[in-house]
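Shown here is one chain on its own, the form predicted on its own, set out as structure tokens.
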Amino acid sequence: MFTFDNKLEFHNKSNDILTVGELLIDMISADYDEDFESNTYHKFFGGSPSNIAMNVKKLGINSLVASSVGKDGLGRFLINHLEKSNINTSCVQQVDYATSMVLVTKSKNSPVPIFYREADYHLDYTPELADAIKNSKIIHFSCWPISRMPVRDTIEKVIVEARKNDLLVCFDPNYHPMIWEKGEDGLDYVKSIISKVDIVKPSEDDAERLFGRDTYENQIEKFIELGAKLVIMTLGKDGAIVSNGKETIKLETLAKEVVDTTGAGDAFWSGFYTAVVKGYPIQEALKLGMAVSAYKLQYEGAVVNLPTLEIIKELYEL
């Protein structure tokens, strides 16, 4: 069981976190606009697992990305961004499909996405990916790669190998019916994955899409019943609620200014991961996750120029 006052113990590995899943383009509207009336969109590096890999590198730990992009200009743009951040791209595969893209409205609430998917779900299980798992401490993935074949098979192999090598396995259950094949809603499959992981971090919207409307406490209990060992439910301006199945704690938001919510959940994950790798107890790591998220909210785009975790700790007086 994850005890809030305890630190997590990791084997001595060369890489801290391996994120597996989507690497894509975020096209974000220049204006706050829920109805897609804006005529101007700006191109950003995107994809939740890849955002986390970029963030944690800036915060002060090592990361690797396993993903697939198209053999096109957008794919090259994404790879260049990773390389400029000194992230090893040996597990980024270039495939004969167009680089995936999400069209997003800039928002102070939950951004409204439209998904255009091709290359992201063609990630193969390669010897390079197998080596990356063996040399990492944490594995992270989201609903995107489990929502389509053939990458779903890859993720299932990744989970098995991660368990063999005693990695911390973490899952972002960011379920959205629009990313699944027509005729498959994916709900049962997502729920089956929860029993195979250690930590899940749903947003309140994710939980509602998975289980329907309910209280936060009941939603958390549903994740615990499905086998999650630690559930972190982020609640936007209302902070977060966290449970290990025995004890539940509430975290207040640290955000004072909100410019764009895109990537706020990824920023939380990034702060939390960096903190536990650096040896902070879980409860302190959760607070640092809130601080990194608050810092990101001040800027547009999913990936911003984060300072080190130690500087963020000072800024938010933690």
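Between two forms, the rigid core is the largest collection of C-alphas that superpose within 1.5 Å. Numbering starts at 1 and follows the sequence shown. Fair warning: this is a prediction, and the values are worked out from it, not measured in the lab.
FYI, the form predicted in complex with another copy of the chain isn't displayed, but the following is about it.
K.L.:
Which is the contacting stretch out of 210-218, 95-103, 226-234, 160-168, given heavy atoms within 4.5 Å of another copy of the chain in the predicted complex?
P.N.:
Partner-contacting stretch among the options: 95-103.
K.L.:
With another copy of the chain left out of view, which of 134, 76, 196, 176 would have a heavy atom within 4.5 Å of it in the predicted complex?
P.N.:
In short, 76.
K.L.:
Of 81, 191, 117, 152, which one comes within 4.5 Å of another copy of the chain in the predicted complex, counting heavy atoms only?
P.N.:
Answer to the contact question: 117.
K.L.:
Even though another copy of the chain is not shown here, does residue 205 get within 4.5 Å of it in the predicted complex, heavy atoms only?
P.N.:
Result no; residue 205 lies far from another copy of the chain in the predicted complex.
K.L.:
Using heavy atoms and a 4.5 Å limit, would one call residue 27 a contact residue for another copy of the chain in the predicted complex?
P.N.:
Within the cut-off, so yes.
K.L.:
Just to confirm, residue 280 within 4.5 Å of another copy of the chain in the predicted complex by heavy atoms?
P.N.:
Judged by the heavy-atom cut-off of 4.5 Å, residue 280 is well away from another copy of the chain in the predicted complex.
K.L.:
Classify residue 182 as contacting or not contacting another copy of the chain in the predicted complex by the rule of any non-hydrogen atom within 4.5 angstroms, answering yes or no.
P.N.:
Answer yes; at least one heavy atom of residue 182 falls within 4.5 Å of another copy of the chain in the predicted complex.
K.L.:
Across 39-58, which residues bring a heavy atom to within 4.5 Å of another copy of the chain in the predicted complex?
P.N.:
Residues within 4.5 Å: 39, 40, 41, 42, 43.
K.L.:
Hey, does residue 250 budge by 2 Å or more at the Cα between this form and the one not shown once the core is superposed?
P.N.:
No, shifts by less than 2 Å.
K.L.:
Is residue 280 one of the residues whose C-alpha moves 2 Å or more between this form and the one not shown after the core fit?
P.N.:
No, the C-alpha position differs by under 2 Å between this form and the one not shown.
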